[in-house]
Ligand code: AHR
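One chain follows as structure tokens, the form predicted on its own.
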């Protein structure tokens, strides 16, 4: 029996809703076919945006969406994506498959898409191959409400009033595809470019510096030391794989328990990264004014057989759902420093919440985890004490259970629990303190097989269901958490 103490009267900070953010890059079929099909498409659409995708995304309440990259951002020149579509120049997507982009999905389309799904836009600017002037003019084009060359250009393209833009990234992966820069050089470049990411009128921009790759702690040290006072957020990127060796890709669906375990073990590595990067940030920013922005995370496996290797299209199983649950719990528990996270990517790329095939669409297991965990958005983190049993495999171990708890503005308590063991259930006894419990209900995501997934022919193989295996007595909630499951409990 796992004893949990839930101290509902001990609040530990607000869980920023942006932890449940997403990422959409011009990569494979994420934008074209996934989000955008064009006004003349036979696929049902609203102004060119897929209707089925819009409705599915609105349901999970996406708080923030990052665009246009990723590596694509540092070759993207925004003026190519405005004005009449027939006049927009084509470009080659050199990073992702060498395909030709027609630029029909640009600034106006992205910002309208965000409005349709209710998400705040997070735009990533081009430091790698762009100029300071280009970045300055893009911000002016989007946010200035006075008279200027850029605001006049926006009006000539059909948008009289400026948009509200809260989040702007000054470059992406500048240690790699964004320019192969040294930390010291990028810190100076960041200071220069960020100077011209101006606040126009009442629009206040949260400036995000391009941060480290995985465990490059030197990068974080230098950026915080040299530019910490000029930034609002600092990013970090980490993808969960079968192995830390990137040459070992592994299959998204064809795996045994050894790869189930290694992937979940690597998912837990995110906690070490958050702790160590946060510790460095604490040295320069003890008041935690600068947010840690995990704006690329998720699973990365071999592409589906027969698909373009540059499109990064992969299936999504119950294992991906557990990876998502582990990440959300640790982000919640580190909400003092983690202020945003963006899973890669929204549709048809890596750990997507949605897959499409022509007019067909399906929701992945990861989609349902986002739907379950949306109750944590902007809620107060609540003290949860427990000691997880170990999940042992081949002499190694990870925690069997991952959990976090929050309280919302209506007084409802939500406890999310992931059981990572593929074979062992977990008996839990939750001692609820600080309130008198009237009722408890639950939702569960699980399946019979580790690699269960949804297909276009069988799209409901993995989906949420009512979790009724609960008992309430003497302010204790007890129950059995099935193996390989994600459970959300609501306590009132």
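Numbering follows the first chain given and starts at 1. Quick caveat, the model's predicted, so the values are computed rather than measured.
Beyond the structure shown, there is the form predicted in complex with the ligand, which is absent from this document and is the topic of what follows.
In the model of the complex, the ligand lies within 4.5 Å of some heavy atom of residue 237. A residue is said to contact a partner when one of its heavy atoms sits within 4.5 Å of a partner heavy atom; residue 416 fails this definition for the ligand in the model of the complex, lying far away. Mapping the unseen interface onto this chain, residue 27 counts among the residues with a heavy atom inside 4.5 Å of the ligand in the model of the complex. Among heavy atoms of residue 70, some come within 4.5 Å of the ligand in the model of the complex.
Taken together, 300, 344 and 350 are fully in contact with the ligand in the model of the complex: each brings a heavy atom within 4.5 Å. Proximity to the ligand in the model of the complex, taken as a non-hydrogen atom within 4.5 angstroms, holds for one residue of 393, 96, 78, 206, which is 96. A single residue from the set 312, 338, 224, 354 has any heavy atom within 4.5 angstroms of the ligand in the model of the complex; that residue is 312. Note on the interface: of 128-136, 247-255, 167-175, 355-363, the segment with non-hydrogen atoms within 4.5 angstroms of the ligand in the model of the complex is 167-175.
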